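Single chain ahead, written as structure tokens, the form predicted on its own.
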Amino acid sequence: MTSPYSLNWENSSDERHDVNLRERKKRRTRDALLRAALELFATRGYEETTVDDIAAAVDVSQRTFFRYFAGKEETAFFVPRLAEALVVDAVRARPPHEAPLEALRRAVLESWDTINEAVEEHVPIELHLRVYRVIESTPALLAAHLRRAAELEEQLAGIIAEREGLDVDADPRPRIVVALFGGVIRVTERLWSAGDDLTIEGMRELTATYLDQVGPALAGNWRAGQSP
């Protein structure tokens, strides 16, 4: 005789299986829309791509697109938002003895591979890098990117203030150090986007080089080798 408990367990197991299948299907559809959008942005241009173009590339309706994304701008920033969230987590996880700027530096450089692996779960890293250049060269996207960067800096300043036991609104140092860090990242983004080495290794090397120069640039005497 079959126990009613075993029947309940089997039904529950089937339900979990069905839920998992639905979630996997939703993720596949979302990632297909995301990849189609980024491919179109990289090849045709952001302004020249419509939501209908993206939906048609995946053979779904516009309504289906809007189940996953609020608009095409959200697809453009889906991967950068993911990377930013991982950087925030990495900063939170840094050892408390590290100085603020060092914690920010190590959070970015030591989580680099983890971030790239997370990106590649959704789209090829090469496609992500191509769209990075599109963001830099498209005024509407660049403006949105800079707004997002300001929001990220404010979040990181709050984390740094909490790490140091400071009131972020009373002590200017957390915002200053994060603004400095954010400025360096913007410089490397811009130089990388305009350069010839468009690989992820090239971006990492440029970022590391510039972050390593922050301390000497602030503390050094730039005219030490010049005659008065």
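It should be emphasised that the depicted structure is a prediction, and the values quoted were computed from it without experimental measurement. Numbers for residues come from their place in the sequence shown, where the first is 1.
The form predicted together with another copy of the chain is left out here; the points below concern that form.
Contact here is defined as any heavy atom lying within 4.5 Å of another copy of the chain in the model of the complex, and by that definition each of Pro139, Ala144 and Leu166 is a contact residue. In the model of the complex, another copy of the chain stays beyond 4.5 Å of every heavy atom belonging to Val58. Contact between Glu153 and another copy of the chain in the model of the complex is found at the 4.5 Å heavy atom cutoff. Contact between Ala179 and another copy of the chain in the model of the complex is found at the 4.5 Å heavy atom cutoff.
Another copy of the chain is not drawn, but in the model of the complex it has a heavy atom within 4.5 Å of Pro172. With the partner omitted here, the residue from Leu198, Val187, Ala32, Val51 that has a non-hydrogen atom within 4.5 angstroms of another copy of the chain in the model of the complex is Val187. Between 111-119, 92-100, 77-85, 125-133, the stretch whose residues reach within 4.5 angstroms of another copy of the chain in the model of the complex through a non-hydrogen atom is 92-100.
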